[in-house]
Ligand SMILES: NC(=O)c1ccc[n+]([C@@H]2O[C@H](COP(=O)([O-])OP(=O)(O)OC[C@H]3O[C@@H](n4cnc5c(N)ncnc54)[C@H](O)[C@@H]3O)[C@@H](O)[C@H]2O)c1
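Shown here is one chain on its own, the form predicted alone, set out as structure tokens.
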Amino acid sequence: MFPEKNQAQAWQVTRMVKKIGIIGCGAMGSEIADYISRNLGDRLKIIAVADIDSGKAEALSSRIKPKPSVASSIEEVINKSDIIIEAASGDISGEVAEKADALKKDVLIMSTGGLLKKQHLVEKINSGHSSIHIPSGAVCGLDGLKSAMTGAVRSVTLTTRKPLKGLAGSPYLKEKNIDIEKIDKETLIYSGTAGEAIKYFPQNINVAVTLSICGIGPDKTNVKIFTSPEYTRNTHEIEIEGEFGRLWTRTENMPSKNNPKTSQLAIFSAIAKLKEII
């Protein structure tokens, strides 16, 4: 048994308020921040926010109580925070992960596509010796894939179905000169690897990268993307075959109210992972 004084000290340590920094103040970062403010204020305090669009950062900061500072750099957010949440883009997520991990600070990475540019970080994540956390995102079944990787896994296939608005503006559509507004039936837009998919759909298919990190890698993970004017949900089907047998999952996601390119479950998964960290 602890002496009474030590019991009180131990309780204070376990209830210590963690300082949170958010990089990326769009729909995802803002919804995560709102949840923290409403439900986790006794455990977490948002201390700093940052966005390439300073107006978004100012807007988010102004509605959080107590008001966090608007940081001018990634380094400022990391230095001020105990836990960093990246909800910006794959252009900077690898840098955020690397700098936070170097300081042994917990960092939650939503734009997992950026981690492929830092292969040493992927290896460190899989070794279990990093401070980098990856939420399950908009799918279920990652626990089964991780278990299957104990043995031989022959194939991993992700089949994604997204509404037309969820793919609008993707680099792939521009490169292939596809007018998405002219699609009038279910259409296979893309078939290839996860590594290529994230280059063509950087805001749409981070789930494929998450799957590849947990599994057999971006060059061996197969991805198919369908769209249709009849789709109203972001649907992900995962099929895995290996020494263990066969695993198949299907997740039908409601798009975020504020961003049709993001599934609501992806935002919920970030919050769930944050709760695990604390």
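Computed from a predicted structure; not experimentally measured. Numbering starts at 1 and follows the sequence shown.
Heads up, the form predicted together with the named molecule isn't pictured, but that's what we're talking about next.
**Q** In the model of the complex, do 20, 36 and 115 all put a heavy atom within 4.5 Å of the named molecule?
**A** No.
**Q** Looking at 103-111, 174-182, 119-127, 153-161, which lies within 4.5 angstroms of the named molecule in the model of the complex, counting heavy atoms?
**A** One stretch meets the cut-off, namely 103-111.
**Q** Ok, 64, 40, 48, 27: which has a heavy atom sitting within 4.5 Å of the named molecule in the model of the complex?
**A** Filtering the options by heavy-atom distance leaves 27.
**Q** Going by heavy atom distances of 4.5 angstroms or less, which of 230, 53, 243, 252 would be at the interface with the named molecule in the model of the complex?
**A** Of the listed residues, the single hit is 53.
**Q** Looking at the partner-bound form in the model of the complex, is residue 206 within 4.5 Å of the named molecule by any heavy atom?
**A** Residue 206: yes, in contact with the named molecule in the model of the complex.
**Q** Check residue 166 for me: does it contact the named molecule in the model of the complex (non-hydrogen atoms, 4.5 angstroms)?
**A** No, no contact at 4.5 Å.
**Q** Does any part of residue 92 reach within 4.5 Å of the named molecule in the model of the complex? Heavy atoms only, please.
**A** Yes, residue 92 sits close enough to the named molecule in the model of the complex that at least one of its heavy atoms falls within 4.5 Å.
**Q** Flag residue 141 as yes or no: does it have a non-hydrogen atom within 4.5 angstroms of any non-hydrogen atom of the named molecule in the model of the complex?
**A** Output for residue 141 is no: heavy atoms all beyond 4.5 Å of the named molecule.
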